[in-house]
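Just the one chain here, laid out as structure tokens, in the form predicted on its own.
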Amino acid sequence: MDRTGSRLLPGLVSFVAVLAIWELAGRYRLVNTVLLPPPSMIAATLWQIVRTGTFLAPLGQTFLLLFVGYALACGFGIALGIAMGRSEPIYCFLEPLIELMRPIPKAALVPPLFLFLGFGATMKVTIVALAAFFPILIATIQGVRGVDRIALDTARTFGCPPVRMIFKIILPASLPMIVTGMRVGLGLGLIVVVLAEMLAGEGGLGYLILDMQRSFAVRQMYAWIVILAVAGLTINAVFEFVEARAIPWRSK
């Protein structure tokens, strides 16, 4: 067995064991199957949703909101992080404001955003961008500030322009830290976009999960939760794939 297989096997075994215990608990009526159906029942409902393709529209809507907000967070977070990491006056000017806003749970900003932006896509994109922005910003600042000073001084000695220095020295050296912030931001973005969909009630995976719960369609509710979990797992796998090729030395 190769290294990857040996690393994944224990997790797969634990996952199968949990499903088996859950199935047995349902079959022997150790739990209330109305509230917690066994995996076999959920799987049948899940297959019906997948077979008919009804998951594509809400999944696409959630992903669109997530990726637009996440792209904005990456753009602004990395740009501002480089500026704050490179310039002490900019850092001193913005750092108190950032430290004031950063600890606020972004879910707490959803109600005020409802007042200013309404219940539409603009509000959802904004809350995703805010949730992902701060981890990316902080990671970028730390990465830029950790760049080897000797490399920067050498580049200045040879007359390297500031913009070229950013793209040739600062960004490559800061990339591992930036990617770490991007990973954290992506997870937070997925959480808040589902929460916003639940509260706004205008479609998407979050809305469907809450709607099934309100309708007491328990098996459908769990099926949509599984779809959300698989979507999150897929996003993480794609991120790891891109990360391994963008920073190949990190996985060694």
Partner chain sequence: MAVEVGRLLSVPDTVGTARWFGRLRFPILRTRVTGFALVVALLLLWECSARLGWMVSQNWPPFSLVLTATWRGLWSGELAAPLAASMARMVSGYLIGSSCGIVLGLLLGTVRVLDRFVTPLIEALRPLPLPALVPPLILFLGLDDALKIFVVAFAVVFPVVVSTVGGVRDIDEVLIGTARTFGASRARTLLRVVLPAAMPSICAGLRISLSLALVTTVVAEMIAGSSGIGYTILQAQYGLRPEEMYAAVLCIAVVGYLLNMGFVLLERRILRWHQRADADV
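Residue numbers count along the first chain shown, from 1. From a predicted model like this one, the values you see are computed outputs, not experimental measurements. Take the two forms, find the largest set of C-alpha atoms that superpose within 1.5 Å, and that set is the rigid core.
Separately, the form predicted in complex with the partner chain exists; it is not shown, and the next lines address it.
Student: So in the model of the complex, does any heavy atom of Leu190 sit within 4.5 Å of the partner chain?
Tutor: Within the cut-off, so yes.
Student: Residue-level contact is defined here as any heavy atom of the residue lying within 4.5 Å of the partner chain in the model of the complex; does Ser87 satisfy this criterion?
Tutor: Output for Ser87 is yes: heavy atoms within 4.5 Å of the partner chain.
Student: Using a 4.5 angstroms cut-off on non-hydrogen atoms, would Lys168 count as touching the partner chain in the model of the complex?
Tutor: Heavy-atom contact with the partner chain at 4.5 Å: absent for Lys168.
Student: Check whether Ile42 has any heavy atom within 4.5 Å of a heavy atom of the partner chain in the model of the complex, and answer yes or no.
Tutor: It does not: once the partner chain is placed as it appears in the model of the complex, Ile42 has no heavy atom within 4.5 Å of it.
Student: Give a yes or no on whether every one of Val13, Leu100 and Arg183 sits within 4.5 angstroms of the partner chain in the model of the complex by heavy atom.
Tutor: Result yes, every residue of the spot touches the partner chain.
Student: Heavy atoms within 4.5 Å of the partner chain in the model of the complex is the criterion; list the residues of 142-159 that meet it.
Tutor: Gln142, Arg145, Arg149, Asp153, Arg156, in sequence order.
Student: Verify the C-alpha shift of Arg51 between this form and the one not shown: is it 2 Å or more after superposing the core?
Tutor: Not so; Arg51 is displaced by less than 2 Å.
Student: For Val226, state whether the C-alpha moves by 2 Å or more between this form and the one not shown after rigid core superposition.
Tutor: No, because once the rigid core is superposed, the C-alpha of Val226 moves less than 2 Å between this form and the one not shown.
Student: Taking 2 Å as the cut-off, check whether the CA of Leu30 shifts that much or more between this form and the one not shown after a rigid core fit.
Tutor: Yes, Leu30 moves 2 Å or more.
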